[in-house]
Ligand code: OGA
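First comes one chain, alone, set out as structure tokens in the form predicted on its own.
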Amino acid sequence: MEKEVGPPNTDYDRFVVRPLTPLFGAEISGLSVNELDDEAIKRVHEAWMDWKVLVFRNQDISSDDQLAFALNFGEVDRHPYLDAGKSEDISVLDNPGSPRFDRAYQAAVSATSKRELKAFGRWHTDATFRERPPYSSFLIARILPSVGGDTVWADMEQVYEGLSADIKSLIDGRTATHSVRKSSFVHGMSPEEKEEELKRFPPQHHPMVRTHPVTGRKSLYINSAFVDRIDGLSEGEGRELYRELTCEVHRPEYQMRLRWEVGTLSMWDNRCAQHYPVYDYYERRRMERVTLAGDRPS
């Protein structure tokens, strides 16, 4: 049964959460994620389903500890394009100086028309070009720039709730095509290499409105990083609807922003949230991430 919309719980018996926005994102204080028993893990999961993004500060944990914590909630999904750390189960996002986005953007500029380049967005849900996109990510800050490098999330359940009845009627039951071709991961590849990636990851037709398998709540499931087109509409209609929907994540009312500290760990639910890494820094930023396998969106 779908849960009523309203302020989530803040008291979970074993801990109290501090909301980062009224409805979306919360910080849990006073817990070390490598020292939690089964009951505490159960309560963390309950809080996670309520708030969608959880933040833990001051986590003095190893990569193995991070992985062990994540495995309480599912099975590892290895990202096909990110670099691996000491373990293949942990992805590393290490920008030694000028942000990686600068290079990806320049590759896009040289390979893409101006009209297409407008869609070169970084708001995304992870790897939706796959048949079964990962359902969650656990990211910890290891090395940070002196300032900058925040991450912003958008609550796609609130986005869906904010749509007009006409738009909801238009997108309910409709799919969109998600493709690695749209992804920055393949920018700079040769045409032959891109074709190989498309064979490896053929386009997927995911529902535009996704129902959460645990909470039953609906969210808008479309993003500017991987969605190629909206199915069943003319090119003009689809493009206009795509622009309208992908703009919704830019509303501050739907967002939470995290200022990282070394040892900060975040966990988020890709089934109902998008995120945007802010590339505004010019010093080294190293993050380590564990991703968990998901199911086919429905």
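This structure is a prediction, so every number in the text was calculated from the model and none was measured. In this text, residue numbers run from 1 along the sequence as written.
Just so it is clear, the following notes concern the form predicted in complex with the named molecule, a form of the same protein that is not shown.
Quiz prompt | Joint contact, W51, H212 and L292 to the named molecule in the predicted bound form, by non-hydrogen atom at 4.5 Å | solution = Per the other structure, none of W51, H212 and L292 touch the named molecule.
Exercise. Identify which of L139, V186, A225, M208 has a heavy atom within 4.5 Å of the named molecule in the predicted bound form; exactly one of them does.
Key: Of the listed residues, the single hit is L139.
Quiz item: Since exactly one of R217, H124, K182, R130 fits, which has a heavy atom within 4.5 Å of the named molecule in the predicted bound form?
Solution: By the 4.5 Å heavy-atom cutoff, the listed residue in contact is H124.
Exercise. Quick one: find which of 226 to 234, 243 to 251, 35 to 43, 267 to 275 has residues within 4.5 Å of the named molecule in the predicted bound form by heavy atom distance.
Key: That would be stretch 267 to 275.
Quiz item: Would L71 count as a contact of the named molecule in the predicted bound form, using a 4.5 angstroms cut-off between non-hydrogen atoms?
Solution: Outside the cut-off, so no.
Self-check item: the named molecule contact at V17 in the predicted bound form, heavy atom, 4.5 Å
Solution: V17 lies outside the contact set for the named molecule.
Quiz item: Wondering, does I167 line up within 4.5 Å of the named molecule in the predicted bound form on heavy atoms?
Solution: It does not: once the named molecule is placed as it appears in the predicted bound form, I167 has no heavy atom within 4.5 Å of it.
Practice problem: Report whether the minimum heavy atom distance between L23 and the named molecule in the predicted bound form is within 4.5 Å. | Solution: No.
Quiz item: Going by the named molecule in the predicted bound form, which residues of 142 to 164 come within 4.5 Å of it through any heavy atom?
Solution: Heavy-atom contacts to the named molecule in the predicted bound form: D150, T151.
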